[in-house]
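In structure tokens, the next block holds one chain alone, the form predicted on its own.
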């Protein structure tokens, strides 16, 4: 059997997929932000020790919201939205720092936070899948309800965590890297495997891309939807422990606007708001971009309001890119 081999110059070059291009673009954005930092504060970036510590600060600040973003990415890929993540974190944090819960030790606090997150996520999923509520309405109602319950449990007071094991999570370092960063890496790695190497991930993409086609293919759409919100709640429970450890306390107002940060990070990471497509790696890069922007504004003593306007502009740009896609832009420039 004779096979014809095309000359090297006639072979079609291997093209990068859109996800890889987007991730490279986000890396470019991170590099650009670092260059801006070097230009605006050269005296800080000239100190290698400060640069190393600042990188660790950015990673540590990104850890909790990064965990939440992993769960949010799954929900959005599945065609939903979760506006209650910040409130779930507050409720889980307050519940696990009550005097009664702390009496059971670190294991009791962690178990409580995780169960509260899973429980609220389960309620969200049941309301959406079986109650047929629109995800926006269901999770918006949960946002209000969970914040209210957290305020009632805490009597609108800040609850101090007296457990040394929980408080040490934020200060523990392994090989010089904060334990919180390892937790984010573990959650992100588990999320990547779940999305890309399991039937759970394939079902998530399928129902987000076309719910009716997924149903006809034999996928239990309602059960999958419930599981997605349970997963989001679980991530919120983990984040609640992380934030409680960092502040050594919890209150009803903690994790304010985390839902917007998580959604924004997922979007600029390439997750379609309409569902059916998204990556965990891109979502983590999105979190790092926002954390770096926050850090850049902090070291330059700029106002938070300006930072929020910049974040808003980034979100709009990311959505516009999603609308046109890279292929559309390429065709546009060729004309």
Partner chain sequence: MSALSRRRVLFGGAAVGAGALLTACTSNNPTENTQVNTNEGNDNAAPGEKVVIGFSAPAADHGWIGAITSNAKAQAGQYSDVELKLTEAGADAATQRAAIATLIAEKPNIIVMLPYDGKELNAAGIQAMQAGIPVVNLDRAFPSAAAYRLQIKGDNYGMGLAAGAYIGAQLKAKGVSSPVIGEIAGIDSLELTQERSQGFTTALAVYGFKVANRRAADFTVNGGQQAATDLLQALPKMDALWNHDDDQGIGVLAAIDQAKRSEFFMVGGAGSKAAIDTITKDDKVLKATVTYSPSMASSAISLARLIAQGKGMSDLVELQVPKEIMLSSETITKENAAQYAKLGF
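Remember, predicted model here, so these are calculated numbers, not experimental data. Positions refer to the first chain, counted from 1.
There is another form of this protein, the form predicted in complex with its partner chain, and it is not shown here; the text below is about that form.
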Tell me, which of 139, 245, 225, 163 has a heavy atom within 4.5 angstroms of its partner chain in the model of the complex? 245
Against its partner chain in the model of the complex, would residue 53 count as a contact residue? Criterion: heavy atoms within 4.5 Å. yes
My question is simply whether residue 46 lines the interface with its partner chain in the model of the complex - judged by any non-hydrogen atom within 4.5 Å. no
At 4.5 Å between heavy atoms, is residue 104 in contact with its partner chain in the model of the complex? yes
Is residue 35 near its partner chain? Define near as a heavy atom within 4.5 Å, in the model of the complex. no
Looking at 80 to 88, 229 to 237, 149 to 157, 67 to 75, which one sits within 4.5 Å of its partner chain in the model of the complex if you count heavy atoms only? 149 to 157
Taking its partner chain in the model of the complex, which residues along 271 to 307 bring a heavy atom to within 4.5 Å of it? 294, 295, 297, 298, 299, 301, 302, 303, 304, 305, 307
